[in-house]
Every structure is written in structure tokens, then in C-alpha cells.
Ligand code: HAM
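To begin, one chain is listed below as C-alpha cells, in the form predicted on its own.
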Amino acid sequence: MINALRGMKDLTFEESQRFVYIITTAIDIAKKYGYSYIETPILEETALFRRSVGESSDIVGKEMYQFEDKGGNDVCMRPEGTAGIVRAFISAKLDRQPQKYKFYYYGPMFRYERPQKGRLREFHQFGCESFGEASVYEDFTIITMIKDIFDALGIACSLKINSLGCTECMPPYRDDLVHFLTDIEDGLCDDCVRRIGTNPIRTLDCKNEACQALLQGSPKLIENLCESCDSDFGKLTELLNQAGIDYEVDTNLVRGLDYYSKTAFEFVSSEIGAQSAIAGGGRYDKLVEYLDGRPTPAVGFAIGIERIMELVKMPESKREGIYLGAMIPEAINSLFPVAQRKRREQKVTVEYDAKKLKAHLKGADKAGARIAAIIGEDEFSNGTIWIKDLESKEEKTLPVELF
């Protein structure tokens, strides 16, 4: 028997229903915030992620599914969604348009890492990207939208926020941080030592307990923000307070991707173990420019679907649709014109075998149907159909053409 690859998982039965429920709930809310759907390829040039996500990131350095295709192109399976959306935005020359654009997307992402609960090698994300709006009000609105999604799904979570500064305040802070890290280098893990020379701010996110203990006294970017970044962060906290949204300022919160600046945030849950982040995002005002587009402010987020699957409270299933059955073989053909007509309005299940009434009613129960419509010997002779509402228990017989 051929099994699925390690870290790749089938979505079937109850899980697939839960997956669809999560996606449709998120889409419904994103549309209410003015977002429209965008789809980008799963396979992209490797250079896209090297330039956007960053050479120093674990994604590019360790985790990408990268290979040379038959045409000799260096390609990879997308490890995240934002870079592809930005590429599509530039390819369509939307960066040259004066209006603002808001897109939502969902689909599979791929990272080669050790599979564990809530983290697979093929995983799914739902995300939103907003282009052309520099105001911190958009950062707040994005956070509000995520909260709306989690509230609708019945997920209890908390919000962490930080500011990653900009091109004005980041360089002097980076110099201070490198100086601090160099002094404690002997006690840091190999990854943190490597990051001193590549992306020192990523050391703040290290999960190594020994590193975290040494980093307690590190300089904090939030205490060294320029006037503009400090003002924006103050406005964000003011808006969150005004909206009654609880949050924690986490000075060690950084994003795993190099393109973020200014606002960074994560929604976390205590119900999923060590992998507590269930959504994350922030502002990336320079990424469009990095990928050769015109300077365009942008902010977005992604939700890890597998991370929240077990947390989602599914609504009680309601009976819906029609179950059609026949009690004699001669009547089976009569079911299909009815099914075609009714499928224009609702779900229809057709049983192909002739069965007794009791068996059909069991079949209607299994199908979750609201209506059982059966043609027996008498009904077939009279051109009628017997109907039962499985919720109200009401029964009646109608001419087939009137059903």
C-alpha cells in the first residue's frame, strides 16, 4: 500500500467539513471588510522567496522544497503566501494604479521541517493583504478582522503586538543589538551566533531557553523608535484600548520573515501546546519596492488552518435537502427528472436501489436530509410521490410534477 508522504495529510470526512467551515467563515468576514479573492501559483521561482523572505530566514535556509525543473529553472513550492501575492500585484501593474487593493487567499504551503501537532510539511493558510494604505488605522482594522474571524469560529485567543521600526530607527538599534549579542556570543546557540551577522533581530525569537535567559537584558527596539514609528504604535494601542481588545506588548515579538517593518502582531492560543501562534502578520511597506515594484505601503496576515482545526466549534448540523428513493425497481427512473429539477434549488441525494420504506428513512437520516421523498408501487401507478418532513414529521402525497 502506498501511503501519504511524511508530513502530508489527507483531509477527509469530519476534518474536511471543518476545513471548509473555517475557510467559508473567514471568506465571509474578509468580504465584509472589502477584500476580494486572489489565486497565485503553488510553484514559483526560488529567487522570489530569497529576495522577499530573506536569505537569513530558516524558511529559505532550511525548509524550502526547492529543485530544478526540466527546463533548468530554479523553482520551489511556495513556503508562504505574501511574496506570491506581491509578485502578482506587481506583474499586473497594480503598483502603478492610484487606488488601494485588498486581497484574500487560501491554499497549501510547503516547508520541509519536522512534522508535529499543528505543523505539517504541507499545510494550509488563509490570509489577507492590503496594498496602498499607509495609515495605522489599517493595521488596527486588520487586527479587528482577525478577531472577528476567531470570534465567529469560537476560538479563545490573545493578541501580542510589537513595533519593528523602520529604515530610520532600525539601523542604530541593530548596531546596539549586535554589540550586545557579541558580548554574550559564547552563551548563544549556533543559530543565534549565525544570525548576529545576518539578521540579529531574529535572535529575539529564539526558542532556546538558555538564549532567552541571556536576551532578557537586550536593548528593546520599542524603546528606540523614531518619532513616526512611536506615534503609530501609540495610536495602535489607543485604538485597541478604545475597542476593548486585550493585548500584550511583547518586545521580543519578531516575525520569521525579513520583510516586516513597523507593526507586528500574533494571535496565540494556550490550547495547542508549544506551537501557540495561530495567526500572525504585520506591515511590510518596503516589500513591493524590494521586488522591483513602485513603493507601496502594505499590511497583511495569515492564519494557520491546521493550527486551529481542533479549536473550532462547529455549529450543530441542520437537516437539509431531499432524499429520493424508490420501493420498486420500475420507479427508479422516475427519480432522476425530480432530482434534476430540485438540484437547481437545494441538495438532493438519490438512492439507486429499490428498498423498503424503513430502509429509505434510515438512508435519509444518514444523508442528513430534511425531506424524504419516496415512490412506492401505488405512487408509481398514480404518478405521485410520498413526502415526509423529517423534522416536523409531517407527511403528504403529491403529484410528481407538483413536488
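All residue numbers refer to positions in the sequence shown, first residue = 1. Values in this document were obtained by computation on a predicted structure and should not be read as measured data.
Beyond the structure shown, there is the form predicted in complex with ligand HAM, which is absent from this document and is the topic of what follows.
The three residues Gly281, Ala302 and Arg307 all sit with a heavy atom within 4.5 Å of ligand HAM in the model of the complex.
Taking a 4.5 Å heavy atom cutoff to ligand HAM in the model of the complex, the contact residue among Ser261, Thr296, Asn162, Thr82 is Thr82. Screening Arg255, Lys102, Lys220, Lys286 for any heavy atom within 4.5 Å of ligand HAM in the model of the complex leaves a single hit, Arg255. Only one of 69 to 77, 132 to 140, 110 to 118, 318 to 326 places residue heavy atoms within 4.5 angstroms of ligand HAM in the model of the complex, namely 110 to 118. Within this chain, Gln125 lines the site of ligand HAM in the model of the complex, having a heavy atom no more than 4.5 Å away.
Although the partner is absent here, Ala277 is a contact residue: one of its heavy atoms lies within 4.5 angstroms of ligand HAM in the model of the complex.
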